[in-house]
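Take a look at this single chain, the form predicted on its own, given in structure tokens.
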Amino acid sequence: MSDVARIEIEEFREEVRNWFTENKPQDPGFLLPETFMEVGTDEQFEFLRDWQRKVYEAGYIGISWPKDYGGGGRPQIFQDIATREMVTQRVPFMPNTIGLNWAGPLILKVGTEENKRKYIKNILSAEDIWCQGFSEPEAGSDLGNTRCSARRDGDDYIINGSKIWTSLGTYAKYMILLARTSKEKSSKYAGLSFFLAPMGVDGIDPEPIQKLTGEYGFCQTFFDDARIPADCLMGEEGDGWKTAMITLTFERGASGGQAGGTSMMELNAYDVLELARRVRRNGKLAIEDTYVREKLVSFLIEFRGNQLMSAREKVPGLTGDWPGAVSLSGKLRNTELRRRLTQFSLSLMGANAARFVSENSVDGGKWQRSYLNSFSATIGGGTSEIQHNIVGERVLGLPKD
């Protein structure tokens, strides 16, 4: 790296740090969701969308996306710096997570020129919110079981069926939709097609689903003879499985190209360390317990290790034995750590852990809320069981049986 480039990067780092310090939003006076999967009220949604728009207009998301489509057109390192600062300062997350991290990168990779000019800028500005239509009730974790149908009728496709766990479904303008256009007998993965489907048409009805925490955010979306334009088809009819698999590499972090920003405001190992210094367990501060201290050290090591994984992946000598291990294991490592970490936070409280909605709950019940919310991330994008199989088969070379 030249001295000029190094100076430019350091100046940008200082610029970003100052901007987020000066522009970090104040407490809005209402409960903010932890992730895009918990956005359930209009005030939450509008607050977060305004924040994403402000960050985009300042030039700190989409930095590495092409300038012709509304991005910054700069090297990836600048986006990495901006995103890292958002994490450090713990600013609100970007609500258009599916657009920024899955749909947008997919469109840039395999979409037409018309797709890129139509969708990309409004994804970045949060003008157009995106949701995902992959999972279905009763279909399990195998997308090959998709039954939602799309039948060609002139210049339209007619969609019938339903999708579930469509986060932000009530706010989304578009959905990345996997539907069955034919019943191929050769394989259950054949005959599937991929659409960039508009949500605001007759016959599409997203109904919110209440979660364990009492919050909303998920929906079940029903399609009843919904007509969408035929040019919403992405790629060739019947070739949707391939496109869906490309999308999942973005969702699981196995492929780069995301627009940047954060998708959650999660509690981390250092937060749990501070909690242990405040709550009492067996009549004394939890931090004084030898077992607690050992567990905390283990969590801190694991958390820091995950933080350093992206840097490790760039060093061939550290990944030569198991190529692809870092990227393919990322979702599994991070979501399972969060689940175990939040579960451990409740154990620090003893009997007080049972107080979730009580006025006497620790920190207003945020630890219980975070634990209950943690399960959604271990399911979405492929369950932890599926992620274990991916690591076993594609990284370790183990047989399917």
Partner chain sequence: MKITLSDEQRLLLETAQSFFIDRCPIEQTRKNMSNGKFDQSLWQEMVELGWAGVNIPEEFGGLGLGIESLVPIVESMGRFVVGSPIKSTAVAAGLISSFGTYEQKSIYLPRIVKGEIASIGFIEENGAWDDGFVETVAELRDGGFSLTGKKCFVTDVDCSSLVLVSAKVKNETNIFIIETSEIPEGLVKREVVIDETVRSFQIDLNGLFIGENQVLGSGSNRLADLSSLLLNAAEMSGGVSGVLQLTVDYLKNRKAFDRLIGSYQSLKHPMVDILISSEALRSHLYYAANCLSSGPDKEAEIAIRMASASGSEAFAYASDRAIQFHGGFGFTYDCNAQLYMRRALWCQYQGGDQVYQKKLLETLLLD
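Positions refer to the first chain, counted from 1. For the two forms, the rigid core is made up of the largest set of C-alpha atoms that agree within 1.5 Å on superposition. All values reported here derive from a predicted model rather than from experimental measurement.
Not on display, but discussed next: the form predicted together with the partner chain.
Q: Would G317 show up as a contact with the partner chain in the predicted complex if we use heavy atoms at 4.5 Å?
A: Contact check for G317: yes, within 4.5 Å of the partner chain in the predicted complex.
Q: Please run the contact check for S347 against the partner chain in the predicted complex: heavy atoms, 4.5 angstroms, yes or no?
A: It does: once the partner chain is placed as it appears in the predicted complex, S347 has a heavy atom within 4.5 Å of it.
Q: Do T249 and the partner chain share at least one heavy atom pair within 4.5 Å in the predicted complex?
A: Flag for T249 set to no.
Q: Test of understanding: in the predicted complex, would R355 fall inside 4.5 Å of the partner chain by heavy atoms?
A: Because a heavy atom of R355 falls inside 4.5 Å of the partner chain in the predicted complex, the answer is yes.
Q: Check for me: heavy atom within 4.5 Å of the partner chain in the predicted complex, for each of K211, I287 and A351, yes or no.
A: Answer is yes for this spot.
Q: Want to guess which of 371-379, 66-74, 26-34, 42-50 is within 4.5 Å of the partner chain in the predicted complex, heavy atoms only?
A: Residues of 371-379 come within 4.5 Å of the partner.
Q: Of S329, Q258, T243, S167, which one comes within 4.5 Å of the partner chain in the predicted complex, counting heavy atoms only?
A: Only one option qualifies, and that one is S329.
Q: Among G238, P229, G203, P137, which has at least one heavy atom within 4.5 Å of the partner chain in the predicted complex?
A: In short, P137.
Q: Across 368-401, which residues bring a heavy atom to within 4.5 Å of the partner chain in the predicted complex?
A: Stretch hits, in order: Q368, Y371, L372, N373, F375, S376, T378, I379, T383, S384, E385, I386, H388, N389, V391, G392, E393, V395, L396, G397, L398, P399, K400, D401.
Q: Determine whether the C-alpha of I77 shifts by 2 Å or more between this form and the one not shown once the rigid core is superposed.
A: No, its C-alpha moves less than 2 Å.
Q: Taking the rigid core as the reference frame, is the Cα of L348 displaced by 2 Å or more between this form and the one not shown?
A: Yes: L348 shifts by at least 2 Å between this form and the one not shown.
Q: K173: after superposing the rigid core, is there a C-alpha shift of 2 Å or more between this form and the one not shown?
A: The answer is no, as the C-alpha of K173 shifts between this form and the one not shown by less than 2 Å after core alignment.
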